[in-house]
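The chain below stands alone and is given as structure tokens, in the form predicted alone.
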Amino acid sequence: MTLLSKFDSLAADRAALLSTGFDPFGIPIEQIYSPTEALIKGRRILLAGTNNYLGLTFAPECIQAVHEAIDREGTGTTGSRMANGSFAGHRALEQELADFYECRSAIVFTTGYQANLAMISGLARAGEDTLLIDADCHASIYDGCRLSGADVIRFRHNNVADLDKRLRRLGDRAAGALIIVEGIYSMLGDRAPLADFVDLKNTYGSYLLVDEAHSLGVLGHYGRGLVEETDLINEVDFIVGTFSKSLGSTGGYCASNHPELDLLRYTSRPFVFTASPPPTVVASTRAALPLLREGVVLRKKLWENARRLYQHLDGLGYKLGPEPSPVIAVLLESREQARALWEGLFEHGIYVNLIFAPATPGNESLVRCSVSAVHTGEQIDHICQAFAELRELASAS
């Protein structure tokens, strides 16, 4: 085997995907009209797979903030914060995030992926620490575990008894171990049983990190995620999230009451050696944060849209994720069924996500919708009607 021969099977798979003229994993978006519509392959397409939960990508406040930032500070930072220093906006955003969570401090990272990579590898070390992660955690969490070199134990998804058993087996090592879960899981849209995990964490003297990437802006009166929805903000040690979904920009963060969080700026390689977020991104995120915090009406509309679509698909007999959520997964028995459904939806003018193993729980293939607060009733109706007309594709053998 040569260096590149490992790509042979992938090349064959990609050729098969391209054989009908569709590349579900490389869609060229030619123009964005709004948070819910874009020009793709010369057609006006309804976007139902972008994670733009509150629809803030075109918020006038954010766009104005970007213009002002680029005029004031230019296009980029050209280096890491350790080398080139922190712009005033970096520090201001960190303080605003700490205030948002009523936590002692926060750190901003260049991407949401990097936030998990940086936090996990910065907190845990090889030969010293143990990480217990939900089996359905995001790839960034798995990669953070690998980078840390610490011992990693997976427990069954959302299974409190399984986590309890694995903590008990650790004995004295359970004290100081780090448990990692997500608020809303990105593939199936279900929530972690956070109160039960907090109880276990307190019983064994462990620490708990919650990734709120898909629950920020979605859960809680002020949109702070599952930690707010369950009134457990002060019980969770580290709250990680991303700006690339409900906040409509890019980047990530961690908020915590532990004073040691600030020391990760010196020990976390993904933070130390990555160029910092540009002024435009920071300005847009800062403008979006109060809109998210005050977005009670947006959240209400988001959940109305999500429940309506979920209930309609459930009524049609589709196999769905376990609970209504703005992340709505339709599970299929084969890649061929999933691809056929994805193509059918695109032909109906709807863009969703096509996802194959190993990115999916249980190695299932799925089509995933992400609902937005700014989807209109007519747009939700259009999605529902398309799924109804394509129902036979999900049952074909």
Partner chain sequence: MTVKYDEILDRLGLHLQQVAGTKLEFDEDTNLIEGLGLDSYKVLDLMLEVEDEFDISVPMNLLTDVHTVRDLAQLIEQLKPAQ
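Positions refer to the first chain, counted from 1. Being a predicted model, the structure only gives us computed values, none of them experimental.
In what follows, reference is made to the form predicted in complex with its partner chain, a form of this protein that is not presented.
| query | Can you pick the stretch from 238-246, 105-113, 307-315, 161-169 whose heavy atoms fall within 4.5 Å of its partner chain in the predicted complex? | reply | Of the stretches listed, the one contacting the partner is 161-169.
| task | Assess the spot marked by Tyr101, Pro290 and Val296: is its partner chain within 4.5 Å of a heavy atom from every one of these residues in the predicted complex? | result | Checking in the predicted complex: none of Tyr101, Pro290 and Val296 is within 4.5 Å of its partner chain.
| field | Answer option from Val272, Ile233, Val152, Leu147, heavy atom within 4.5 Å of its partner chain in the predicted complex | value | Looking at Val272, Ile233, Val152, Leu147 one by one, just Val152 meets the 4.5 Å heavy-atom criterion.
| query | Of these, Phe87, Tyr222, Tyr142, Trp303, which has a heavy atom no more than 4.5 Å from its partner chain in the predicted complex? | reply | That would be Tyr142.
| query | Going by a heavy atom distance of 4.5 Å, is Gly42 a contact of its partner chain in the predicted complex? | reply | Gly42 lies outside the contact set for its partner chain.
| in the predicted complex, does Ser34 have a heavy atom within 4.5 Å of its partner chain? | No, Ser34 is distant from the partner.
| request: Give a yes or no for Asn363: in the predicted complex, does one of its heavy atoms lie within 4.5 Å of a heavy atom belonging to its partner chain? | output: Answer yes; at least one heavy atom of Asn363 falls within 4.5 Å of its partner chain in the predicted complex.
| message | Please determine whether Arg156 contacts its partner chain in the predicted complex, using a 4.5 Å cut-off between heavy atoms. | response | Within the cut-off, so yes.
| query | Does anything in 182-209 come within 4.5 Å of its partner chain in the predicted complex by heavy atoms, and if so which residues, in order? | reply | Counting only heavy atoms within 4.5 Å of its partner chain in the predicted complex, no residue of 182-209 makes contact.
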